[in-house]
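As a starting point, one isolated chain is supplied in structure tokens, in the form predicted alone.
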């Protein structure tokens, strides 16, 4: 659904009106659609059939070196919304110690549409429920204690305008899904095995993505069989050994210990009271040996099919494909226009070139954009297939899917629990082990990176619930990760 010409002109008129009053910059985002549908089967019962629909306008004003924001879901209150955002900025300016700002950019008119063949919202509800119920039936067994299957569909149509003359329209679509089975092991502890809908980075983002067996439904029998073995398995013993992370675990490792610490607003201290800071500082760029020479990390990475691919951010900046870590050296951050300006002002020098990373994103029309991850990816390496990496590992474990995680407040250290481990001895996978955990200090851990799988091991794992900001904003993104091996890692729990 497109925005009317009358509404467009009203927004343009109010942008100019606020600028004429003395604002330094103004932007507005109007959402005609922000829709979601969630379907959940729990132990074969339909526990959730939820839909939500939102639309409205969010306005941001830079005035006197301070930001003001206001939002409304009433199209008749557009002028008042602009004026409230201006007054909020004017009030905030009285409290500013360091004036905020952003450099001027040339205007552009652009659009982005997620590649979609079949809009999930046009698929009959019965067809979607039958599809999920069929998966649930395959997960059923007398010995399985709990199971669930869920899918979520999202659709967002937004229109961006700013005082520089930029106008951007975006039609975004997302599909998420997960299945899980749980059972009691031989010690009476609950074990689980799960599978999320992932992508290869190619293809489309419509309902057709969900129905590809290799991406989701075809994994039901495998996780059921692995759980059957897991509940009879021994626990992973404490000790130092190599860990090989599959993409189902590697994505969260990247998310928590590369993605979040490289968000520039976090580096500048904006998340300290809620989600924590970062061990990275403005002097780290170009100097910090974040990992071994095998570590190459990109933002965006040219991924066509991902919830972290959106064309333009919520400041109208194009999403970029650039390196964050180059052969182990930290070279850039996840950035937005105002954060680049502030970082360079704080440092008293140019730490970052004046080119936004396209990372300013808002979860809804009633939230202001903040620095968020796009697609943060470890690029494929030259160490072969997963089998090649296993063959070159003397003593280690292959780990998959997170169960628990504990992260240092500045992302300087971490502790992860995983669903399953496969023991590796003398280059061969031997047995399944339960209750696997591993821990480390972020920089030390990434400097122990000794193998990075090739493109055949690389998968894009979706994140549908990344929380950040006050008030909280839930964002969607993804991480492309190959199989990766780290050496001399503390694994298991000391008894």
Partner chain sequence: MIEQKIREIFCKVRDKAAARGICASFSLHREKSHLMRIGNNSVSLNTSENLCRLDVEVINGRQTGTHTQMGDISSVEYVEKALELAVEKARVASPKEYAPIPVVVEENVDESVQYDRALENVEPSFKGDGYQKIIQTVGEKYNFSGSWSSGSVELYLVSTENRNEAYHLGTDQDFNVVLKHPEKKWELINKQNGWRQSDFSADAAIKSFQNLLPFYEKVPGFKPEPGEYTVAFGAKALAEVLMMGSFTGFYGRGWEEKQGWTSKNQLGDKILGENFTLVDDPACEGTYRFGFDLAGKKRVKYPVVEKGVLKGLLYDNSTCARYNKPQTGHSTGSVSLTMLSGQDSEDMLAALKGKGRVLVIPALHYLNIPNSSKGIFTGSSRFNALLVEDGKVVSPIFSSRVTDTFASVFSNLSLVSSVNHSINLSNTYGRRAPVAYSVPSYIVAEKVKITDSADSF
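Everything quoted here is computed from the prediction, not taken from an experiment. Positions refer to the first chain, counted from 1.
Omitted from view is the form predicted together with its partner chain, to which the following refers.
Report task. Report yes if any heavy atom of residue 464 sits within 4.5 Å of a heavy atom of its partner chain in the model of the complex; otherwise report no. Result -> Answer no; every heavy atom of residue 464 is more than 4.5 Å from its partner chain in the model of the complex.
Query raised in the report: At the 4.5 Å heavy atom threshold, is residue 451 in contact with its partner chain in the model of the complex?
Result: No - in the model of the complex, heavy atoms of residue 451 and its partner chain never come within 4.5 Å of each other.
Requested in this report: Considering only heavy atoms, tell me if residue 433 and its partner chain come within 4.5 Å of each other in the model of the complex.
Outcome: No, residue 433 stays farther than 4.5 Å from its partner chain in the model of the complex.
Query - Residue contact check: residue 13 to its partner chain in the model of the complex, 4.5 Å heavy atom - result: Residue-level check for residue 13: no, no contact with its partner chain.
Report task. Taking 4.5 Å between heavy atoms as the contact cutoff, choose which of 176, 365, 300, 157 touches its partner chain in the model of the complex. Result -> By the 4.5 Å heavy-atom cutoff, the listed residue in contact is 365.
Query - 126, 202, 349, 117 - the one with a heavy atom within 4.5 Å of its partner chain in the model of the complex - result: Contact residue from the list: 126.
Requested in this report: Would you mind picking out the stretch of 382-390, 300-308, 209-217, 93-101 that comes within 4.5 angstroms of its partner chain in the model of the complex, counting non-hydrogen atoms?
Outcome: Answer to the contact question: 93-101.
Query raised in the report: Going by heavy atoms, what in 462-490 lies within 4.5 angstroms of its partner chain in the model of the complex?
Result: In sequence order, 467, 468, 469, 470, 471, 472, 473, 474 come within 4.5 Å of the partner.
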